[in-house]
Structure formats: structure tokens, C-alpha cells
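There is one chain below, alone, in C-alpha cells, taken in the form predicted on its own.
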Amino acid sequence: MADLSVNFAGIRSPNPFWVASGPPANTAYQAHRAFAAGWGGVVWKTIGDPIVNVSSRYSALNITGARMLGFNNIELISDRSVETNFREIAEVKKRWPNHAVIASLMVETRAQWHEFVRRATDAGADGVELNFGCPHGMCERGMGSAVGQQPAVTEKIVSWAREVATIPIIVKLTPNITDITSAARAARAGGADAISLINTLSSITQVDLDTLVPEPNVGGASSHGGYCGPAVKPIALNMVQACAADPTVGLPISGIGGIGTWRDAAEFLALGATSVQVCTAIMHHGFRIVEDMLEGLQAYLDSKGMTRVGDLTGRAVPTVRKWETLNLNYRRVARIDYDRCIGCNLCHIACEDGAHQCIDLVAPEGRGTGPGRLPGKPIPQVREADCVGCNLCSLVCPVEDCITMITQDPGVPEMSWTDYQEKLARGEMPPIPPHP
């Protein structure tokens, strides 16, 4: 069986699954429950000068059949005393010596950074995570994303922590920035041992149309908050890959953002993460979700002949390329399984109004035995010669594996957009005709 243990910037953990800094990592009680359930590490809820938090604090983006697809949080850092937090970190580390315990920190001055890094070390923390990501509340005070959005400030504060740190420094990056790699490079320049990303996105999830106040409602007003949950996963994957692919970053990555299953975790690992952190899914389903994550990742690695988590880390990074290098001669078309088709015709509507008008409605006779076969009711048929392989029909189809994308080999050499431009300049290709 594959070995699930990881070494993240010198921090050892029995598996790559860590509880992210947030409400599920606020107390020793929660850390004990997390480790007992099977989590490999806990990143403590951010410690700094204690905050008095508001009520209410959370809102969510829900769609039919999916609760908390996106989650909005205006809760700030720990509201408990510094002494209590560090005392409980020491207690947890003593009880769970083989698990990763990371102290997340957020303060202002150089003297405070020195003090808090030293106190985290004295408490037995395996590492510190510098929170440069929070996009609400703390950034208005010059912390959180106010630091993470300015690479020069990021580098300076990391260097302050580096002056006294004897344990690994992880820098948590904000996604509320144009180029995540600039912040990652600044973290490295300041002396960081690793990075974690992404923190939450600045957001407003909804407005109550009766009160005309966004949620969460705090006495008739609200505030922009930090957005997380499954909805942010594509953004997080993109930024993790960008940092992993940049040779000037070159730091271990802890991936965060919308992870709720072993598949999500495996995707982050494939795009360059060494460990992964989970928060919103725990708030939704509890600590025991890690059981399925461990079992699923173990089975996946075994099925691929991989002996350790590191065999997966970064495997997908080089497959993400610049658009102009992709093969223009690669061709895929949509194909319908008429034994599965229910005749809803959503694919036709989507293609007709939102794509490339290459799905016709035809008589059902002789086309499978699917449940959508009704006398006189037409069913969809793809005109493969006109199909551009956009995938839209397969994405809107409500039936699993009813519409699949089939690769067709046109028997011509690969050609990228860059190749096309060069051949066009040499007069070897016809110009692109105007759109009709």
C-alpha cells in the first residue's frame, strides 16, 4: 500500500490532510477530535491580538441540490487570549507528537512578529503560517491581504519572522491579487520555507431582497467577507499550478480552496501541492470526512502504481501550457448514446442558443431505446462535420455518460497557433476567413 506520510518543508505528517486555519481549528478540543478522526495536521486559527467578533458571521451561495456551494465568512482571527492559544498548542503537541501542529499568526510590528514566532516555537509548534491573506476586517487594519497584495511588504515581514524563526515558515497567500506568483516570489525572497494558498476571496454572496441588506446581517448592515468552499476550487487550482510551475518560486505548497473529497485533494497534489488543507467541508460535514479522503487517496495511488504521495505531486503541472502552444489540429466531437438519452433536448437548446448550432432535432425511429422515445417527439443528433468539440452539450446533459467527447484523428501533423502565424507570414497558409 502507498505510504501517505508527507514531509512538508521539514514538517512531518502521517498524511497530507490538514485542518486549515479557521473555525474548525480554534481550540485544543477541536484539534484532539481532528487527530482522533485521522487528520494529519492542524493549522491553528490565526493568533494575534484577540478580536471581538460580530454576530451573525456566515452566509452561503446555495443552488438546487447543493448547499454551501460557496461560503462567505466575516469572522476574523481568534477571539481567545494569546496565552490560551499557545498553552493549548503545547497541550495538543504533547498529546499528538507525530502530527503536524502549525501556529497561524497575524500581528503588525517587527517586535510583535519576533514575540509571536518565539512563543509559537516555545509552545512546540512544528511551524508557523504567516497569514497574509484575510480579505476582510484585518486588511483594513493593515494586516492580512493588505500585506499579501504588496510583494515588498510581504518580503519585509517574512524577513522579520526569519530573523528569529528556528522552525519552518509558511506564508499564506491571498488570491485577491493580479499575479499570485509575485507574492510567492516575495515570500521566498524574505526567507519563507513554504507557501500555502489560497486564502479566501473578497465577496458578497447575496442580498436579502426584503431588507435590502446583504447576508450575513449585523444589525441592519453587512460587510464584504472571505469566500471559500467548492466554488473557489478552480481558482485555487489555477494559482497552485502557477506557483508550482514558476521556477523562481521553488517552494513546497500546501493547497487550500474547495477541497472536500479525496479527488479534490488528488487534483491539488497533481498540480504541485505537497499537503492540502480543508476548512469549509469540515464546517459542513464534520471531521470524519477525512476517513473517506484517506481511503480514497490510498486506493487511487495504489491503482496507479504509486508508492507514496510524492509520486503524485506535480505530475500534472507540465500539462498546463500557454494557449498558443496547443494543437489546433486536435479534433473532438460529441456523440450521443441513444440508449441513455431521455429526450430532454437540453443539448440542442444549449448548442443552438449558446454554442455552434450543430445539433439538430430528428425523428427518433431507429435511434436507440432510451426513455425519451415518445411518438412524434424529436431527439437530438450531432452533425459531427460541424461540431467544434466545445463540450457544452456534454456539460449540460443531465444523464451520466449519455454524451461523450470522441477524439478524431484527422491524420495531419500537430500545429499550434504560433506555428500557424509563422506559416501565414511565409505565405504557406491561407488567411483566416472572415466570420459569416
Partner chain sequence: MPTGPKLDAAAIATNMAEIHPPLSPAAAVVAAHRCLFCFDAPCIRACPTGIDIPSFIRKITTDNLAGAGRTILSANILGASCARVCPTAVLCEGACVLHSRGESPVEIGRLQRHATDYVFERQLQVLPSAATATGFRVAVLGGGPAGLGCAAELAQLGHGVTVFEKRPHAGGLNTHGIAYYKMKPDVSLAEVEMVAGLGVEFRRGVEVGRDIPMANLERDFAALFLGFGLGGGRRLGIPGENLPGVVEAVDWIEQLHTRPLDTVAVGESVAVIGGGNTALDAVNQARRLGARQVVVIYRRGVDDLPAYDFERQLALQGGAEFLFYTTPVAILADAAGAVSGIRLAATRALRTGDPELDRNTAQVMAVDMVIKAVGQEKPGAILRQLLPDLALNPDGTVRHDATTGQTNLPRVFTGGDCANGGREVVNAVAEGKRAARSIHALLTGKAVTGPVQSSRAGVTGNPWGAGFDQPIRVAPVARKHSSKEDAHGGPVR
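Owing to the predicted nature of the structure, the values given are computational and were not obtained by experimental measurement. Positions refer to the first chain, counted from 1.
We do not show the form predicted together with the partner chain, though everything after this point is about it.
- The candidate stretches are 172-180, 342-350, 254-262, 236-244, and the one lying within 4.5 Å of the partner chain in the model of the complex by heavy atoms is 254-262.
- The closest heavy atom approach of R373 to the partner chain in the model of the complex falls outside 4.5 Å.
- Though the partner is left out of this view, E291 does reach within 4.5 Å of the partner chain in the model of the complex, counting heavy atoms only.
- Contact check for D302: no non-hydrogen atom falls within 4.5 Å of the partner chain in the model of the complex.
- At a distance threshold of 4.5 angstroms between non-hydrogen atoms, E400 is in contact with the partner chain in the model of the complex.
- With the partner omitted here, the residue from G314, G191, P168, G296 that has a non-hydrogen atom within 4.5 angstroms of the partner chain in the model of the complex is G296.
- Among the residues R87, K94, H285, R118, the one placing a heavy atom within 4.5 Å of the partner chain in the model of the complex is H285.
- Annotation for 3-35: the only interface residue with the partner chain in the model of the complex is R33 [heavy atom within 4.5 Å].
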